[in-house]
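Presented as structure tokens, the chain that follows is alone, the form predicted on its own.
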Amino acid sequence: MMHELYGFLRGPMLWVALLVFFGGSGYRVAAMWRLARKKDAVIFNYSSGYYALRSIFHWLLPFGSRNMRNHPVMTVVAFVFHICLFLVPLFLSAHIILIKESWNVSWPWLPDHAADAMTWMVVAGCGFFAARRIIQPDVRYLTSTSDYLILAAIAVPFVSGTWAFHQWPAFPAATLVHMASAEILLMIIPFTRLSHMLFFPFTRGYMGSEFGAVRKARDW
């Protein structure tokens, strides 16, 4: 039974997850573009590649904005969290070996001890963001149950992946949980608040263009 489930998660379910992720992402971006054209077409008149890229650069730079400098702990945690969140799945040796076996494509990977440490940084980051939503009144006011579920959806693939890698008790089951939860996470990205990863360049580009080209001011 577990062997069949493993085959399903590694085969058909993986392709479904990729299709939903890329198809859903494309749909959301296209829908946003159409809505902007319909309701606020004037933004395209003053869009500026220079000011858009300038804004994006400053918001990708640690402490590049005044808001980041005003909240140093949040800034450090957020940057470490997002860096690890992207690097670990892309440069984990186990993932690259599986890709090599399936498609004969590979690239350099992170040392296992580094990937392990970065994994726990992601989990710790999820804990930090959850605690912040509970403790900080203004953030708690804007928090809904879905926000905690999203944090759990991020944490589970990392915890179960580490569990399977270290072959702790019941690691075959942890492997299945890792695969299923990672595919679920991939599929919900376009349809939850995680979609900010898709819209960040557009929203920052819009703000940068408006502030730079129209208001002659900085947005950071």
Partner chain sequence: MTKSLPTDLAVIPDKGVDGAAARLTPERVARVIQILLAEEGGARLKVYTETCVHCGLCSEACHFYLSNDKDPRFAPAAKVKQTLDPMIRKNGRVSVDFMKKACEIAFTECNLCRRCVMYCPFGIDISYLMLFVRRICHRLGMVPQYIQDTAHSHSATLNQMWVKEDEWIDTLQWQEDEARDEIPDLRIPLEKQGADVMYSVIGPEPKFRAQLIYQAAVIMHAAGVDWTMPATPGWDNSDMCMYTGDSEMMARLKKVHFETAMRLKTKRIVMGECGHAFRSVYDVGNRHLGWKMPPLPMVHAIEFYYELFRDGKLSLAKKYDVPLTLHDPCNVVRGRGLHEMARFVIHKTCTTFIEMHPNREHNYCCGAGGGVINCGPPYAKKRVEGNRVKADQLAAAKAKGARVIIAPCHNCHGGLEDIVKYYELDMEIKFLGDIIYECIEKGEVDS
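Here the structure is a predicted model, which means the values were calculated and not measured. Residue numbers count along the first chain shown, from 1.
We do not show the form predicted in complex with the partner chain, though everything after this point is about it.
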Quick one: from Ala36, Ala152, Leu53, Met187, grab the residue that has a heavy atom within 4.5 Å of the partner chain in the predicted bound form. Ala36
How about Asn104: is it within 4.5 Å of the partner chain in the predicted bound form, going by heavy atoms? no
Decide whether Ile43 counts as a contact residue for the partner chain in the predicted bound form under a heavy atom distance cut-off of 4.5 Å. yes
Closest heavy atom of Val214 to the partner chain in the predicted bound form, within 4.5 Å or not? yes
Can any non-hydrogen atom of His95 be found within 4.5 angstroms of the partner chain in the predicted bound form? no
For the partner chain in the predicted bound form, the stretch among 133 to 141, 83 to 91, 120 to 128, 104 to 112 with residues bearing a heavy atom within 4.5 Å is 133 to 141
Is it true that Arg10, Ser25 and Glu183 each have at least one non-hydrogen atom within 4.5 Å of the partner chain in the predicted bound form? no
Could you list the residues in 157 to 182 that come within 4.5 Å of the partner chain in the predicted bound form, counting only heavy atoms and keeping sequence order? none
